[in-house]
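Shown next as structure tokens: one chain only, the form predicted alone.
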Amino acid sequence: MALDQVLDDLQREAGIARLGEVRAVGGGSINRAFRVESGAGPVFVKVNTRQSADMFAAEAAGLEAIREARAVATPVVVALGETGEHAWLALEWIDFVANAQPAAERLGRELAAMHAVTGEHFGWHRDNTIGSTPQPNTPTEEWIDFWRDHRLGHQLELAVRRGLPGDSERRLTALLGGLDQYFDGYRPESSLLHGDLWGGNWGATRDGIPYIYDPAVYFGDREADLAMTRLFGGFGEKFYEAYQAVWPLAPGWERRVALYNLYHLVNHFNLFGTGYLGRIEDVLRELGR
């Protein structure tokens, strides 16, 4: 990879001087990532193939949407661009502490404030990705329609192409046909969501400020964000207590946790294979399918 050319373009686009070392850092399973010392302080740079340009643009737009909500901190977008065969995204570098849990209570309060920012429709003005999977955000009037057509139904179509067993396909299809039962007496608001809020997508600074990053932003039921926080852990009870103190959840939310996390489990099947089939089937049984 011609990293020097990428960094030259970053310097030109962001108007900053490149100084000191460039160090490879962890950037997840999708991108290569670097810490770049610059005249404006260290910068976090993610690099992928040119085909990822739209993914980076959507991520940048999502970070800006969260930042504009003025509720939860998120890294500032420095610049993004394309260089040769590569696309890149540069963000403010944040020094995170190893243990973010002391900031979890604050994150709960601030996430509730972010969810209070609402849109006219469910969805978003542009599509984005969940991991590397395309995530359609077609604006939709009714939440159940959005969740059926642009979340679970979309993932089901992809899963069938990837060899989802016929029995699982039938059970998921039956679930899609009966979504109303999970929303009896509950009409969600179209809250601004992070969209991919697992424990690896938040951290805190030494002074206790929580940050969220790597979003898959859209407007939807706030319970969908909270459900994913429970999928792999990493938030703690103080987070949930603080959230509930600001904006209590509606009755029946416990059952909808499984419904919302099914989206992410099917996506993990699509991304990583059959190792997630068992969890998908467990959730379907929990949901009565």
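One-based numbering along the sequence shown. Computed from a predicted structure; not experimentally measured.
Below, we refer to the form predicted in complex with a small molecule, which is not included among the displayed structures.
**Student:** So, a 4.5 angstroms cut-off on heavy atom distances: do all three of Gly153, Tyr260 and Asn267 pass it with respect to the small molecule in the model of the complex?
**Tutor:** Not a single residue of the candidate spot has a heavy atom within 4.5 Å of the small molecule in the model of the complex.
**Student:** In the model of the complex, which of 220 to 228, 235 to 243, 43 to 51, 250 to 258 comes within 4.5 Å of the small molecule (heavy atoms)?
**Tutor:** In short, 43 to 51.
**Student:** Gly84, Gly200, Pro134, Gly166: which sits within 4.5 Å of the small molecule in the model of the complex by any heavy atom?
**Tutor:** Checked against the cut-off, the match is Gly200.
**Student:** Quick one: of Gly119, Pro75, Pro139, Pro188, which gets a non-hydrogen atom within 4.5 angstroms of the small molecule in the model of the complex?
**Tutor:** So the residue touching the small molecule in the model of the complex, by this definition, is Pro75.
**Student:** Does the small molecule come within 4.5 Å of any heavy atom of Trp93 in the model of the complex?
**Tutor:** Although the small molecule is absent here, Trp93 would touch it in the model of the complex, with heavy atoms inside 4.5 Å.
**Student:** Quick check on Tyr213: any heavy atom within 4.5 Å of the small molecule in the model of the complex?
**Tutor:** Output for Tyr213 is yes: heavy atoms within 4.5 Å of the small molecule.
**Student:** Using the partner position in the model of the complex, report whether Ser38 sits within 4.5 Å of the small molecule, counting heavy atoms only.
**Tutor:** No, no contact at 4.5 Å.
**Student:** Though only this chain appears here, would Val25 touch the small molecule in the model of the complex if you measure heavy atom gaps against 4.5 Å?
**Tutor:** Heavy-atom contact with the small molecule at 4.5 Å: present for Val25.
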